[in-house]
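To begin, one chain is listed below as structure tokens, in the form predicted on its own.
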Amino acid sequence: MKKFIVSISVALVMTACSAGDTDKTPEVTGPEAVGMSSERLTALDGYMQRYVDDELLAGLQLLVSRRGETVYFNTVGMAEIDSNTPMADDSIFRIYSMTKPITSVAVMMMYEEGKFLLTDPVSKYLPEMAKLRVYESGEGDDMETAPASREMTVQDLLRHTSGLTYGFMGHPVVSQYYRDNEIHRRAKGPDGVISGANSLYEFITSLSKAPLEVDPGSAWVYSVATDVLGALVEVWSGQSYDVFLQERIFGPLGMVDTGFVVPAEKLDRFTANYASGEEGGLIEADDRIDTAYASDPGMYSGGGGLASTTADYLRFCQMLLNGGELDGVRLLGPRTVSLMTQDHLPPGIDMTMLGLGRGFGLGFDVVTDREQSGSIASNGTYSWGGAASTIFFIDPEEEIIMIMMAQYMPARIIPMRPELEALIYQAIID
């Protein structure tokens, strides 16, 4: 992988994040016009307020769209509790892993340009990722590894069957190796110490020395794979990843508040991030002003580095629901979107993290058996979420988009997705 064009990235990211001053608040239209009940949608009001009143969330924002029309949009709670700053309709959130679907779209744009095949080995483009080894036993200096049974492919990265992992989950020894060697994007810890990679090149170099958790293609393991995809986009496009996203996705779609940096003039719209206190309630985990998002991260994490708004993410989702096009701008062909939102997991590999009746496409969780999954959403509904309790889903059959933005970690403690599905689908009357 080449070390290139990082020097011009900061100015472009800053310009991109500060572009556009128009009102981007979603405009709600009559739900009945698109087959939903206004009265029944009001059940969402009390549901949202309850999470704030019970101090499970500082605030949250929810949008529901059907057939291209926003039928519900509501904002409750606080952007920051200590300063008594209320959540605003245009608040900016850390979307963490909701960055991943955006990266997957970037990758498939390169696919449509003939830059790679899904079955290509990753090492064809990132030589550092050749001859990886798989963890077998031991730890530290006594760790035993074996050659991987095959090379990971680009498809493996997109569907999380690469054998890579994260430093906060998966096999304890391999995860500890990631933590010890700071194989993650640059971040400020609670002690104020900055750790992690300063560039995608540095990240790939460190990652290439780490043991795989499992052989590529043998299991679904959530991982830093999408960060590797960001590095691949740099190689294929010849652009720094942040610049590619701005020029090829954010700019064309009118996503004016999405980027790796929240500029100074927009920090008043940024939300604080929260966790649970030892004695209950919420404690601030990351300030909305004194935050790493206020400066260039160096490593542009395609797996979790973006901040965005509900209005911006709606434009991204609507593009997908439309088959790759929005307002005359086409990013992908319909057949490519269809490919991405089908289950790509090999036979015998299940989604233990997400439960039965679900598969994984090229960047999305996909409902494959609604009865088995217990989901009221249609088969083919695709989605993903972020670590700070953000989540979205797109139901192509019902033409529904749901986006929820919040600011609490870790996300999976609060099972909001199935609750929201029940409340949204019960409002469909046509």
Partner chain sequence: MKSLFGFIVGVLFSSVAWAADIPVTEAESVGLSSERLTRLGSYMNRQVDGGELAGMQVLVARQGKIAFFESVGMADVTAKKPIDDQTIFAINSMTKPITSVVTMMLYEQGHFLLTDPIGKYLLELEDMQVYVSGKGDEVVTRLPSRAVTIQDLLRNTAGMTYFGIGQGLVADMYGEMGVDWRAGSAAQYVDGLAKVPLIADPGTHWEYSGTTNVLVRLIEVVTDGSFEDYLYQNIFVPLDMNNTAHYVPLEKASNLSATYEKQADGSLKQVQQLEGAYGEDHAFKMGDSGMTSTALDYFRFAQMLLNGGTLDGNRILGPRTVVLMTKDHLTPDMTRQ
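Positions refer to the first chain, counted from 1. All values derive from a computational prediction rather than experimental measurement.
What follows is about the form predicted in complex with the partner chain, which we do not show.
Student: Is it true that R40, E398 and D430, all three, sit within 4.5 Å of the partner chain in the predicted complex, judged by heavy atoms?
Tutor: Yes: each residue has a heavy atom within 4.5 Å of the partner.
Student: Thinking of the partner chain in the predicted complex, which stretch from 381 to 389, 368 to 376, 53 to 61, 401 to 409 has heavy atoms inside 4.5 Å of it?
Tutor: Selected stretch: 368 to 376.
Student: Sequence order please: the residues of 203 to 235 with a heavy atom within 4.5 Å of the partner chain in the predicted complex.
Tutor: If the 4.5 Å heavy-atom criterion is applied to the partner chain in the predicted complex, 203 to 235 yields nothing.
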